[in-house]
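Take a look at this one chain, the form predicted alone, written out in structure tokens.
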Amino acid sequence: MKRLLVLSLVVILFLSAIPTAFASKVTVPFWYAVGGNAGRVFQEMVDEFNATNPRVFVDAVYTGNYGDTAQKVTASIAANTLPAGGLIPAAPLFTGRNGNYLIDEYLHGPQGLDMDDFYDEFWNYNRYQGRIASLPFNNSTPVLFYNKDILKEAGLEPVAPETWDELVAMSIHLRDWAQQNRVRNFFPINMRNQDWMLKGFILQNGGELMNEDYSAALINEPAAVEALEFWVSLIDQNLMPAGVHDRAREQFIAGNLAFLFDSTAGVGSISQTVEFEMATAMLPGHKRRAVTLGGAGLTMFPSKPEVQDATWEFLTWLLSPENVVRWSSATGYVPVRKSALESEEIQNLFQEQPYYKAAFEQLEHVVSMEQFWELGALDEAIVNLISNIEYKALTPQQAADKLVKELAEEIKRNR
């Protein structure tokens, strides 16, 4: 009877301690805007953090794609119902623009990160008006995918073009080969995310997108207009189809393209889907090599001090070198830390899956912009510009002048 009594007391004490143990954990509401394979990997990382951290529980919720998440964050700012943190697009616009520089404060605090281990362009991409307002994480760059089987069948060496001139010469050969052999539905080139790709072309030609304080677009300057003219020449020479850039990836997978300009985030899914020998390469250069940067950022929103501390603990865990390696290896997003790129795991990945190598190694050529409020308007205007020049509604110079004027009006309304 005495043993039974002792056992009962032990059980009661154990059960009474469970609520206390759970109550002692700090809950971090967290939104993330990556789905598919990347979303699965991210949730697995969250689950691992929760299983191994005795003090913090991250309540992670998928909030839809970039557009859906941006709308939800905007509404939540107005309603004061923001989470503690998130992996969201254009993060500095929802933090720094509202005076929220928690990331900058923690970054330079006693538990900060080694900023020198991150590429400078990633910090630039996460700034608002000069201060860091979010952290790099799931970032991507454009990369050139190419179909080695088609190149060999057309009598070309199965290597990627290094320059614009080489790209055009190879594409003309492929166009003529396809016509002579009655290869239907084939184009040498297409671009996915065309506004993102055109930005890269402008930079490769020595142009700039915006002035230093982001108060005016420079897309009607000579170097930028030359890049637009080059884009149009690809259409005029029947090397690239007009108006079907949203189908570019599907065209490549179907074997109907030789060269696809697409995000490195697509490397995993494309390489596992195609039924031909493919490879990737850095984007062809012209006056210089240059690639743009995309992706979402990790950030924090104001909450109780203990929740902010817990959120920072989770963010720095995600950005540990081993987790950056894990994230990049599993998703194709580029490693944001130099030590991750140099790690044995990433070097082994290059050996096992060489498709990743080009995108990771071209990080030295990344050119980024700080976030500014009219960035979304600029991207939309570039999409419209491309439509206008591809369908001959406007000349490149006229389309560029129209964009610069309209963006100036947008900036004037907002500032």
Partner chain sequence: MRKSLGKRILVHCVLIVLGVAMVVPFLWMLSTSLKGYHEIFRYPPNWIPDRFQWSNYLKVWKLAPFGRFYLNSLFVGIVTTVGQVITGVLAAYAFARLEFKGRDRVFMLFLATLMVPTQVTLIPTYIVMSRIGWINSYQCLIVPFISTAFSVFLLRQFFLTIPPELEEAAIVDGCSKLRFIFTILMPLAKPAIASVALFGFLGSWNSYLWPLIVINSNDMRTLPIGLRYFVSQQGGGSEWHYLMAASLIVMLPVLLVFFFAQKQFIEGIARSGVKG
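Positions refer to the first chain, counted from 1. Quick caveat, the model's predicted, so the values are computed rather than measured.
A second form of this protein, the form predicted together with the partner chain, is not displayed here; the remarks below concern that form.
Listed residues Q179, T81, Q111, S320 were compared with the partner chain in the predicted bound form; T81 is the one with a heavy atom within 4.5 Å. Just one of N256, T280, Q308, Q204 comes within 4.5 Å of the partner chain in the predicted bound form, counting any heavy atom, and that one is N256. In the predicted bound form, every residue of the candidate spot (W31, Y62 and E275) has a heavy atom lying within 4.5 Å of the partner chain. Contact with the partner chain in the predicted bound form, defined as any heavy atom within 4.5 Å, is confined among 216 to 224, 341 to 349, 288 to 296, 159 to 167 to 288 to 296. When the partner chain is considered in the predicted bound form, G266 lines it closely, a heavy atom lying within 4.5 Å. Under a 4.5 angstroms non-hydrogen atom cutoff, the partner chain in the predicted bound form lacks H245 among its neighbouring residues.
None of the heavy atoms of Q353 is located within 4.5 Å of the partner chain in the predicted bound form.
Shown alone here, M115 lies farther than 4.5 Å from the partner chain in the predicted bound form, counting heavy atoms only.
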